[in-house]
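Shown next as structure tokens: one chain only, the form predicted on its own.
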């Protein structure tokens, strides 16, 4: 089985970290291919970056026709619906996966993300997925995404402090890390704070693997039907719907 994990930003060091976490979460014999686009933003922080990252995401999906399943490794689930329209293989977003997993092991969970501008997209996704009532609060540690890639950064300590505030103030029983760049922090933070800390990359790989193993495919009736045949110009010209 091959699972293609697409980091929709262009930062290769983050893709490498995401790929390592994805492979660690996969079952023996499952191959992980972690990729990122050649064009688009270096990080996804808010609606503007999301818009510019979707063409690159779809381009990577088009190039991985041999994959049995896909993971969209951006916590905002950037381009997730478009990705599901581009392939019949199952596509799992790390945000949606983490929310569902958290709801199975805790009555209430809090999300700790990077910047305040990411709170609104995450809250809107929780409403869309029907899980807002299970989320105690979406919090921002005020850490830029790329700070997670900087050696010697205070990002880890800042995120840990925000988690402790979530436990003290929100009544949270589990914590969801709200950025793919936090994937390597989950186990260490879990040991320190004493509650489940969920990494969306690992959650999404587990769900994608299960869907593929069960032979479940993305429905092509109505909402996720393949795009109508038409010519696409510019960098996206080689995309061929269906």
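Residue numbers count along the first chain shown, from 1. Everything numeric here is computed off the predicted structure, so don't read it as measured data.
From this point on, the text means the form predicted in complex with a further copy of the same chain, which you will not see here.
Proximity of residue 107 to a further copy of the same chain in the predicted complex falls within the 4.5 Å heavy atom cutoff. The shortest heavy atom separation between residue 207 and a further copy of the same chain in the predicted complex is within 4.5 Å.
Remark: residue 67 does not count among the residues lining a further copy of the same chain in the predicted complex, judged by a heavy atom distance of 4.5 Å or less. Though the partner is left out of this view, residue 120 does reach within 4.5 Å of a further copy of the same chain in the predicted complex, counting heavy atoms only. For the options 148, 159, 136, 86, the one in contact with a further copy of the same chain in the predicted complex, meaning a heavy atom within 4.5 Å, is 86. Contact check for 2, 16 and 63: none of the three has a heavy atom within 4.5 Å of a further copy of the same chain in the predicted complex. Applying a 4.5 Å heavy atom cutoff to a further copy of the same chain in the predicted complex picks out 203, 206, 207, 209, 210, 211, 213, 214, 215, 216, 217, 218, 219, 221, 222, 223, 224, 225, 226, 227, 228 from 203-229, in order along the sequence.
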